[in-house]
Structure formats: structure tokens, C-alpha cells
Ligand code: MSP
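Presented below, as C-alpha cells, is a lone chain in the form predicted alone.
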């Protein structure tokens, strides 16, 4: 049976992970864990994007070769994800030999099918985004739409991809829902891009960027990072299985990875929508990949603000994930990562921007995790012990709203469905007053209530595991009779 295949973007090596990277990676991690637990299994791919002018420039500043620089930075990224218990199945690097070979197979195939052609041209290029931009996309002052810098004027002879040949077909796939884009606003944005005549054939090689994958049929060229990077989603699967693709056709390559390919869900930020919703399916169609083997769903996340402003080191409002995690690790039994996961996932629906501060995280911890989750578990288990209620929970409760939300990739909705179950237990405790039932000797009614509440808590423990795995383990220990407290109050 095909595994659920989920990807993050591969992260560019011009710094260390920040909250936006953590958010996208956590979303993918939760969905991978959910499908391992309740579905047919999962294959979760993440990694680092290591070519291009920006990396070459950064390596010079560190007095390292580009390969030494990427080895150093990639190890940091991989180490951070391991420390944060991100359950990826493979970490792909675009300097990986399998990735390089696949990219060269791809560009050679595009040449043979006449889907690329040489052309001299002059264009605007933003080094920060490693992206060509049009005049109409520039912000006030001639700045790149995603970076506070003016693009360079580039005059080169490169190979162009015939995007115009595939735009209508990609547009139809999106409009028909065969390529699903979440949220609706980003789907509409992709449709507008595909209808925009300025979004057309574009360069897929570079003449003046030496740090890149060589083009096999033209030694003066290297691959543009946005064809190089996109094919990590295929090379990562190949590399994970040590598949030798030498002399294989595209069809034979797909057959080798059919238990995983195509991607079911690709998680990314809104700044790279064009590359994934427009370029990526067009490349795959040009390679002759059938429509049913194209990526299924693209999930576009929003950006985090802090106190209503974009996070900036100069302003001093940057939220560093490790700082928040360390703070809560000292308060709880090592649940800092789970707490941050919970807060960022329940704070905004996927696709919306969100505002986050340390104070807000602390407030949600106290109002929801301490006062609701922790208190409900403690009350129910404490009463079962106090009243010597002999029940054997069977975890037979099924919270269908939770599963329905996950089928729509709505983690926000899934979390709120769990919180609603916690609220229901709390309300029933107050309305039925089990302490009075005990005094009145209404043992049968008390046992029935306790049975229902404990079954719900067992089920909550199961379904919260993809979202808060360490917390779920503590909840299991608490339900098994250990005298532990999950979410202690913060001492003022």
C-alpha cells in the first residue's frame, strides 16, 4: 500500500532555522505521525537547498569552500530537527550524488523533447530570493517583492524552459482540483499567475553561477536553483532507497518509487508558491509524467508576526524556537517542544498569518494546557483513585471531528476538536457532581460516568500523540497510575 508522502520545502543555507521553518516542518511532522498511527504509513522528506550565488557568497565570507560551508550548515539544520524530535524519514541535500544525477537526467530529457532552448536575454534577478522578477512585481523603490534589495540586471545566454507550452494544462489541473492548493486564496493566486502573460518561459540554467549542478551538454552552464531544488522531492525518495538511476528512463524511475511517489502533501510558505504551483507541475508534465502521478496537494502556510510586526533581529522581536523550548523545559518534564508545537498550531489556521509573542505563548500554556488539559486529567484520575472506582477503560470513544479535520489537513480544527472534548468532560464533572454521587452511594451512576471520562481521556491521549508526542507519553503514564503532574503552573 502506498505510504502518505509529505514534504517540507528544502531550506536554503543562508542561516539557521527560525520560527517559520519550525512551523512548516512541524506541520509536516504532525501529518506524518498521524498517517503512521491512523493511516497506511508515511514517508516524510525534508532537507537543505545548497546551490546558488547566495550560498557561494556566504561561503566566501566564512573563508570556506562552498562544499565546506554547506557541510557545516546542513549538519546544523539536521541536528536541530533531530533535537526537536522531527520524525523525518530522509534528509536530502542538493549536493547529494543521487540528486545531482537525477537533475542531469532531467535537463537532458528536457533538451531531447525540445522543452528547453538557448536564448540570450536581459532580466532582473534577486540574489536574496534566487529568483527572476518582472518589473510589475517590484515594490516601491524598485525593491524585490520578498526582499529589501534591488534586483540585479543580468545579461546572459541560458537555456529557457517552455513554460508557455504547459501553462494551460497546469491551470486546468488546478481548476479541476486535480492539483489541490490550500487555502483557497493561494489557489486563486496560482490561477492568476498562470493567466498572467508575464509569467512565461524562463531560464533554467545560469552562465555566471559556478556553484551549481553542471549542465551535461553545455559546460558553460549550471542548473538554476529552482529546477535543481524542486527535484529533491524525487531524488530524496531515490536516495533513501539507494536506487541507482543510471540508464533508467523517467518511467522506470517512477516505477522504482511507486510505493511512495507522488507527494500527497507539500508544505511550504507563500513566498515560494509560484515555483511549486506553476513551475513544478509543468516540469513533471514535460518529462511525460502522467497527471495521476503529479503532486496531489500544496499547503501554503502564512507568516508569523510578533506584536503586529514582521520579526526582525534589529527590532528585537524574533521568536527563537529553542529559547521558548528551553524556558518550558525548565518548568515541565521536558515538554517545551510539545508546548511550542501546540501553541503555533492552535494559534492560526493554516494559510493565515499569525501574531506570536512569548507572553502569548505563556498565556495559552496557563489558560489551556494547565487549567484545562492538565486540570481535567488530574481531576478525573484523582477522583477515580479517591472513590476507589474500579473501571477498565477500553478507549472505545471515536472523535470523528478530529479525523475529519485531519483528512482536510486542518490541524487547527483537529486541536480544537480535542479541546472541545476536554471542555465536555469539565462541564459534565460540574453538572453531575461526582463527589455528591459518592456521598449518596450512587455507585453505579458514578462508575458509568468515570468509565466514560476515563475512556475519553485514553482516546485523547491517543489522538493528541501526533501533535504532542512527549505529552502523550506522560498522559499514558498518568493514566497507568503514576503520580505525575503534566503541566505545572508557572511560579510568579
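Numbering follows the first chain given and starts at 1. Source: prediction; values computed, not measured.
Just so it is clear, the following notes concern the form predicted in complex with the ligand, a form of the same protein that is not shown.
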Partner proximity in the predicted complex: residue 402 to the ligand, non-hydrogen atom cutoff 4.5 Å: no
Proximity of residue 229 to the ligand in the predicted complex, heavy atoms at 4.5 Å: yes
Contact of residue 302 with the ligand in the predicted complex (heavy atom, 4.5 Å): yes
Close approach of residue 409 to the ligand in the predicted complex, 4.5 Å, heavy atom: no
Partner-proximal stretch of 264 to 272, 99 to 107, 183 to 191, 417 to 425 relative to the ligand in the predicted complex, 4.5 angstroms, heavy atom: 264 to 272
All of 9, 12 and 49 within 4.5 Å of the ligand in the predicted complex, heavy atom check: yes
Stretch 11 to 29 - residues with a heavy atom within 4.5 Å of the ligand in the predicted complex: 11, 12, 18, 20, 21
